[in-house]
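Just one chain is shown here, as C-alpha cells, and it is the form predicted alone.
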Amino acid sequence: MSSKRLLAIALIGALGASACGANDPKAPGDAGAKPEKGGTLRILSESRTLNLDPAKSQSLAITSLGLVHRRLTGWQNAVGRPAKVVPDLADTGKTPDGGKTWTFVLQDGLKFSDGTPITSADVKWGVERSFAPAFGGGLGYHKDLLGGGDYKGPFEGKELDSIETPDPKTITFKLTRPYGDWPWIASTPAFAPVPKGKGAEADYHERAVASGPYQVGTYTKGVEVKLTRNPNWDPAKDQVRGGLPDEVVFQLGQDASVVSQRLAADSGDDRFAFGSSFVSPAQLAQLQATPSAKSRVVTSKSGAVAYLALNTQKAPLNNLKVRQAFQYAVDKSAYQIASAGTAQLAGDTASTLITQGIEGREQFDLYQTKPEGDPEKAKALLAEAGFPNGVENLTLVLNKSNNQAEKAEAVQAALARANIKVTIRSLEADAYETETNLSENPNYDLTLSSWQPDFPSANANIQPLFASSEIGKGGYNTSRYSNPEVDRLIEEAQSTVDAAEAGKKWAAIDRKIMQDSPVVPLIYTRNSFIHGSKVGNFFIADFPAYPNYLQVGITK
C-alpha cells in the first residue's frame, strides 16, 4: 500500500488498537447481539466521495463497493480462520493447463438492478472497461496478465481477445503466463459486471447499475449516498453478503475525531452507525474510561506490516552488511511508543514480510534481538562492512500527510546510537510519490511505509514490494530491491495453482528477501473501529484489518 492508494494511505496514517473489546471470541462485535433484517445502517466516512465505479475502485471485496457490486469470486473471512476464495457470481474457476487458462461459469438467474440478466459478456465488458484511460485508478493486477499492452478499453470498438465468452454463462481468461492466484484476482473490483455498452459517462459511479444487494438511491456529492434495496438481488444466490439492512447511508465528509465522540455518546441515529476510519490512539485512550463505549470498540488482531525501506541502489546501502546492521540498530519498541503510546496499542513487533492472517505464512526472525535493538551488534556489522566510524549523511523521506514525524524521530534516534546519522525530510504527498514511486534516480536513502495486501495471498505481500518490475514507474518497491533469483522465484510461485504448495514457496521467498535485508519490518499494525449499540455482527477477521461491511446489520 502506498501514498496514492487510498487503502494504503489509511493504513500508513493510523496505527491504532485497543486491548479490550477486541474481537471477543464469544461475540464478534457487541455483546453477542444478532442483527435482523431491516432498519437503516449508517456509515460515517471522512471521505467526501464514495467511488462506486468498479473500474476506478480499490475497495476490498468486503467493504463499500461490495454492497453494490458483486464480482466473479468473493471472500469468506472469519475470526480465527484464514480468508478463503469462494463463489460469488460464478464458481471459483477451473484451469486445464496449470494456471494459464481460467474458465468461470456464472450461476443461473442472475439479474442487474434494472431486471436485465447478468451475462458473461457483461463481466467481460466490465474488465475491458478498466483498461480505458478515463476509468483508471483501480486495482490493475489483471492488466499485464491479460496482455492488455496498448489496449484502451472497449469504447473504441475493440475487444480483448484474451477474454472469451462462448455462451452467456461462461467466461474464459487466456493469460500471458500461468497464475495460480487468478481466482483471487477475479474478486477485485474490475471483475464486477457492467451492462455491455454502458458506463461511458464520467459520473457512472453515481448511477452504477447494481448486481449486489443495494443500488444507488440518492447521491449527494460531498454529503451523503443512500443505498436502497436492489429488488432483483437474490440472497439464495449470494453466500458472501447478508443484505440485512433495508438501507445503507454513507454520511460523507465527517471528521474522524468527532465521529468517535458521537459514536461513544451513542444517541439518536448514531446508535445505528459505525465509523469507517480508524480510531486514533488518543481517542482509544479516552474510550477506555467509558465502559459502554469501550465495549463497542473492535480491534484487529493484526494488520499491515509497517517497515523501514532501505534504498539498496545507493551507497552505502548497497552493502549487505550495512543493511543488516539496520536490523539491529532500529528500536522497534520506540517505534511502537511513537505510533500509539504503548506496544500493546501499536501492534506486535514484526520480523517477516508476509502479514499475519495470510494462509501459508511462516513466523521466523533472521535477526533475533531485543525489541529495543542492539546498537553494539549494529556497530560491529558496520565495521565489518568497512565503516568502523559508522555512516552519516543519510536522508529519511516522509510523506507529510501521513503524520509520521514522531515515528521517524524514534527511528532517527535509534540509528544515531549505532553511529548511523540520518536527516529527516518531509515532503508533500505528490512530491513524496514522485520521489519514491516514480523517480528513476531518487535522492532518498530511507523511507517509512506500510503495506496490507489487496487480496489474501502472500503474492500480494511480496510481488508489489520486491519484484524488480515494481521499481519506479509508479511501483511500490521503495527499497529499489532487485534480485534476479527472487524475480524468478516470484514468477514460479505465482505460477503455482495449489495453494498449499504456493504458500511454502512464498514463505521461502520471504526468508530469502530478508536475508538480503532490503527493509526492516517494524510492527504489524492494529486497526480499531467503533460502532453504535444497535449495530450487530460487527467483526474484524484475521484478514483484512477492516470490518466486513457485507455482514453487518441492525439489532432490535
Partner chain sequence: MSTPVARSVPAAISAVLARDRWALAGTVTVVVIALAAIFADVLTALEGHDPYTYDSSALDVNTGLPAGPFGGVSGDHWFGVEPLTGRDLFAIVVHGARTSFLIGLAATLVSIGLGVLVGAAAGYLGGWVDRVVTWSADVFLGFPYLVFMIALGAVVPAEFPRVLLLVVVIGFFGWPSTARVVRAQVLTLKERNFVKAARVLGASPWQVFRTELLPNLWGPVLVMATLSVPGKIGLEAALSFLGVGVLPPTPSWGRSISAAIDWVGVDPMYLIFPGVALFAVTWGFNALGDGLRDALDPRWGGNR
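Positions refer to the first chain, counted from 1. Values in this document were obtained by computation on a predicted structure and should not be read as measured data. If you superpose the two forms and keep the largest set of C-alpha atoms that fall within 1.5 Å, you have the rigid core.
One more form of this protein exists, namely the form predicted together with its partner chain; it is left out here, but the text below deals with it.
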Within 4.5 Å, heavy atoms only, one stretch in 339-347, 99-107, 220-228, 480-488 touches its partner chain in the predicted complex. Which?
339-347
Find out whether any non-hydrogen atom of Ala410 is located within 4.5 angstroms of its partner chain in the predicted complex, and reply yes or no.
yes
So, Gln286 and its partner chain: in the predicted complex, are they within 4.5 Å at any heavy atom pair?
yes
Flag Ile424 as yes or no: does it have a non-hydrogen atom within 4.5 angstroms of any non-hydrogen atom of its partner chain in the predicted complex?
yes
Using the partner position in the predicted complex, report whether Ser295 sits within 4.5 Å of its partner chain, counting heavy atoms only.
no
Partner-free chain; cross-checking its partner chain in the predicted complex, the single residue of Thr434, Thr395, Thr170, Thr176 with a heavy atom within 4.5 Å is Thr395
Its partner chain: the contacting residue among Pro281, Pro195, Gly475, Gly180 in the predicted complex [heavy atom, 4.5 Å]:
Pro281
Core-superposed C-alpha of Ser339 shifting 2 Å or more between the shown form and the other one
yes
Core-superposed comparison between the shown form and the other one, Gly180 Cα displacement 2 Å or beyond:
no
Is Pro442 one of the residues whose Cα moves 2 Å or more between the shown form and the other one, with the core superposed?
yes
